[in-house]
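To begin, one chain is listed below as structure tokens, in the form predicted alone.
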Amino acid sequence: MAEATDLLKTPLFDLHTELGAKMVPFAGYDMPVQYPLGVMKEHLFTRESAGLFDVSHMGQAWLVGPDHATTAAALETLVPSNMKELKPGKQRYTVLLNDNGCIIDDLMVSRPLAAEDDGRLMLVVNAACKDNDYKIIAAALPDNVKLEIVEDRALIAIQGPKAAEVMALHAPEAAEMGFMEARPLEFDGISVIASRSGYTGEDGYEISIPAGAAEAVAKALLADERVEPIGLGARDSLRLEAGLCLYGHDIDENTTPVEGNITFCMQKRRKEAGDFPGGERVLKQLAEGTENLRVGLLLDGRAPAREGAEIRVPGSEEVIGRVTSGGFGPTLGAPVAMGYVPSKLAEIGTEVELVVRGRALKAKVAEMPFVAQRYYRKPK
């Protein structure tokens, strides 16, 4: 683990300190794990109102080419998603794949709305993976497409059922956006780039801000009684309830998108062609199934199963898998987990046992998300 003095700081570090945050090392950064409200209340407040998250540790970058078709084609050599047909002002979730069809990282890709930005794609990648991601992407690009790493911007997220009404007070055009849309906005006169997306299962926005203006934007949002600052602890329990993967835990360089149960990131054209890294293996899995599959797990009682807990056949010592994420779900009032089990045992309702502190606890394979996602989709 990095020494405290070696840790990087986000542009909002001083604000976290001012707000009384408990800071911890995370992906090389000094990050807030919780505020005085506490993880449980932060989680529930986000579900009921709106939470503000500092995600400036994430990597932001641009792919820049002569036109959209060229830039999208370059990115498609690395990911299994349809980037060529990504419309202006839209965002897509995807994964970087290695030659085995396994996941190097998951990321968000946005195509700018403005015609003058044709040929540009904005990438947001995971903090712990960003340096490796950038090397892999840059090495794969043709001469006429460049990777421009962004070092001078912060990234914050406002999430929850009241996020949209709060945002609209500062950036009225935000209200017009639908889920997975992205556009430049003026936030109290500050130029930002926002997407209507997030990592909690709630409606909300992720906002890329010039680093020097980040504190002003964050303070403007926090001045509203409907908004509280939220740390990494509640961010993790919120995404777990929403059934969302954490890279390095639920998906990694040993899992394919099929095994990880995230094939929604693969659109029809790419599934049919298989023209991406590891395509032959991934297409075979799509056709024939996989040995193991990521599933949701609901436990009896209130004791949570943490990452690494054994998953067993009930009443036996036979280990069939391990928990990859687990904890108490404050919204459900019950423990939830995700893990990998043999595909033949992945059917909803299948009974298993999870070993917690030497005790075998009853659990069932369950539908995900555990808590209904509430993204805002515009009426058609």
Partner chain sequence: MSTYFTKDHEWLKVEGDVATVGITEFAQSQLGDVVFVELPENGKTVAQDDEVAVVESVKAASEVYAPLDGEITEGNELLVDEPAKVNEDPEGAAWFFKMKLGNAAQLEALMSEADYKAFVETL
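Positions refer to the first chain, counted from 1. Here the structure is a predicted model, which is why all the values come from computation and not from measurement.
What comes next is about the form predicted together with the partner chain, which is not displayed.
When the partner chain is considered in the predicted complex, residue 39 lines it closely, a heavy atom lying within 4.5 Å. Within this chain, residue 302 lines the site of the partner chain in the predicted complex, having a heavy atom no more than 4.5 Å away. Although the partner is absent here, residue 364 is not a contact residue: none of its heavy atoms lies within 4.5 angstroms of the partner chain in the predicted complex. Using a 4.5 angstroms threshold between heavy atoms, residue 9 stays clear of the partner chain in the predicted complex.
The listed set 29, 340, 328, 62 contains one residue whose heavy atoms approach the partner chain in the predicted complex to within 4.5 Å, identified as 328. 34 is the sole member of 49, 324, 56, 34 with a non-hydrogen atom within 4.5 Å of the partner chain in the predicted complex.
Only one segment in the set 302 to 310, 261 to 269, 283 to 291, 156 to 164 has any non-hydrogen atom within 4.5 angstroms of the partner chain in the predicted complex, and it is 302 to 310.
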